[in-house]
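Only one chain is included here, represented as structure tokens and corresponding to the form predicted on its own.
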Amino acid sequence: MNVPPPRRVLLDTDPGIDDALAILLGLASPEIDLAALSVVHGNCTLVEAVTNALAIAGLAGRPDLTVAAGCDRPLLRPPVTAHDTHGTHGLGYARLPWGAAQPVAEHAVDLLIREIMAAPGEVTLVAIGPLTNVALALRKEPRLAQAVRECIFMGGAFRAEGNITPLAEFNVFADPHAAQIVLSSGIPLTIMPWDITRDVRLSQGDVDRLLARGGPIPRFIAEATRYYIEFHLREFGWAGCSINDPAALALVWWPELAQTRDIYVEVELTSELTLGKTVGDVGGKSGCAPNVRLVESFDATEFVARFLRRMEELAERLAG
């Protein structure tokens, strides 16, 4: 049986509890070669996000993983964070030891350009935070849009209210102008929206299953998600917590879990009331050609089962 070589992936991230779980999933999955983390402002400050990225890589046994610091603020709007959702430092109640690893000197925008342009058609970019780094990379090197194999973005809300304003999802709202730059760039873009990922949930029973295995990975997941579960219960009345970002990353090697539709999407930029709203032309009324492959359904039950197995395998590998 011929096994395809791992897909080279760049992960643009703002860790963040579910970002941390996405990083762990990427490092646990042989289907991809997680080449680097490009870090952006978002769930927490850039300094906190870089520190978290380095610590998570170390926790997973990859202190050598390239981590590059990127943009510490949006293009135009004032910065926003999600400390209320992700905790004081971005990782809930988890406290990780900070090792000797440091981010590379290269700016994350330049890293994205260098990696993608060095191997046209081979690198997949997965963006699970605000799109500031990606937008600036596209502005600095417009050929990036044709050179990248695919860009997968976790963000937007199309069939639900927003999670930061009545209509806007956090990653888009945090830098709506960057999101519109990416949407208008011609990049092959798949969007995994929040109204899909909100139903991809870890339960306390799932966390307890991992804890029964023992080891630092299950302990980290338990401490990080304990804060996240409390937030979701308080804000949404849900038992469990959404793991948005791992589901988006998994589209790289488990695309069969998703059903998609090609549509045209823009971001609202001028109204204070609806700033950051992702507007999808589902009915084809604009006459514009589709610029997005939108995930419309996702097998959350199967994904969570696979995610848990990967975390168990990672814990066992590190223990051995």
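Fair warning: this is a prediction, and the values are worked out from it, not measured in the lab. Position 1 is the first residue in the sequence shown; the rest follow in order.
Not on display, but discussed next: the form predicted together with beta-D-ribofuranose (BDR).
- Heavy atoms within 4.5 Å of beta-D-ribofuranose (BDR) in the model of the complex map, among the stretches 161-169, 132-140, 207-215, 115-123, onto 161-169 alone.
- Proximity of D175 to beta-D-ribofuranose (BDR) in the model of the complex falls outside the 4.5 Å heavy atom cutoff.
- When beta-D-ribofuranose (BDR) is considered in the model of the complex, T225 lies well away from it, no heavy atom lying within 4.5 Å.
- Proximity of W194 to beta-D-ribofuranose (BDR) in the model of the complex: non-hydrogen atoms within 4.5 Å are present.
- Residue contact with beta-D-ribofuranose (BDR) in the model of the complex: I221 places no heavy atom within 4.5 Å of it.
- Contacts with beta-D-ribofuranose (BDR) in the model of the complex, taken as any heavy atom within 4.5 Å, map to no residue of 284-299.
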